[in-house]
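Heads up, the chain below is alone and in the form predicted alone; it's given as structure tokens.
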């Protein structure tokens, strides 16, 4: 598919006489896709049963007549006021028992059957009207599941659905009591109707109860999305898409994606640096106007694995955002860099949010490609440059990376439920492994734990995987790769009881975790010859070969054959040593890059991206700050 640019547009926000010129200006800028409609329920159905589609018909016609392909969104992320009056219990409830009130967005509980049905009815109406309309080239279902902490709802509807879910999962209350260890603290139940949601307990609730609720909540999001898919599928042949959000892990994106055709995500590099990433003050100051060098690429590689490699950026930051604690402007050239980085990782479309900055509402301080007075904002000039470069660029051919990194949403829920340390965060652990790989110039594929094929990878990493299935072990050992699992691998059951003995229970690797320690910030356990363990340390026992140990002689990395077990959380220097050793065994060449430079290899080209605030010279190419370069691979 030819790579293309898009933009998010809200015709309902602007006088109709502006639409035609907006469409012409989009096409002149090199934009060919436009997303509309995902927040427009109150204009589509201002009163229950009163549908007003004429304005949307005219908007679609205006945009399509200019040559734009339309992505039409279902508007279920913004139920109108009358809907809340009809279903007052559709509002999500937070963990303090308070309703998430009307007046913003995503104010619904995924477990409320009435609103789920209403959203499906709206999707069906849209599908019947536009499903065979060739101008509608794709559909977006809802918007940013999980954004604003909206996966976990503690409503009556969620409680009732949770009880039913538990009955299906466990079949009998005795089985549930055994699985949860409810003999502890006399927590045993006589029937499923006695089970409440895990909130407002005197001290922490049973972790098995909490983890079950997290699994249930994820399943509810998947079921919610599937309800709209079911009604749209028979009505359209256009692909169905959802736009995920960065570092939202409360539901299983792999599971949800099975019902869709294309994955997309919303990329806000500078907002994420401030709002969603750990990092010291120096790191955040260095990349204040660029974003973290690895955050965008991580999500590109994650979402590339969801739908057979078909993925988009549905919303790309074009200027300062409004929602982070601090909102600096992008460095000149960064909008172009972010766009090309997405294409280098295989994106089909990069779409910018939004066409014009709106002068009202919650996002009035969020930049667009044009200012509120319709003059050109800086990001638009960079979009034009990308469009011109795309026109002269040969097709970017995807290729399997040499490294696979296993990512598991259930492991994130597990360690959020039982962190055993205030700063043990699964996403952070996996992301630091990803960063370490990229600092060595490596391209990475991020894969689910049930991936069917691991052949031809040279290195496979599975940090923090709560359960390592027999099937995954078989695929890892059956590959020719050097494999690393841990820390915290296979240490708990799916019901969050300790395995006995406590992990990692890997075939042909004699190692047991006897006890664990969580280390406070600033504490390091130096490892012999360089690097240190931070955050988390395990005391290992067994006959596996010790490959790295700390200065007290405690094993940190052990191995046998192609499998390695990591018994601690590495700092950057230790990650570098570990990856270097794995690469040497795998006969994989590393190309360590200067600070802030990142590489991405496709099947035909090598791309280089300079996130650093100073120029970088690499393999004869001088990249200025925000510079991008590419050249054919030999």
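Positions refer to the first chain, counted from 1. All of these numbers come straight from a predicted model, not from anything done at the bench.
Here the subject shifts to the form predicted in complex with a small molecule, a form of this protein not shown in this document.
Against the small molecule in the predicted bound form, the set 143, 243 and 315 is in full contact: each member has a heavy atom within 4.5 Å.
Contact check for residue 363: a heavy atom falls within 4.5 Å of the small molecule in the predicted bound form. Residue contact check for residue 268: one or more of its heavy atoms lie within 4.5 Å of the small molecule in the predicted bound form. The closest non-hydrogen atom of residue 105 lies within 4.5 Å of the small molecule in the predicted bound form. In the predicted bound form, at least one heavy atom of residue 323 sits within 4.5 Å of a heavy atom of the small molecule. Checked against the small molecule in the predicted bound form, the residues 340, 298, 213, 353 give one hit for a heavy atom within 4.5 Å, which is 353. The candidate stretches are 163-171, 96-104, 471-479, 315-323, and the one lying within 4.5 Å of the small molecule in the predicted bound form by heavy atoms is 315-323.
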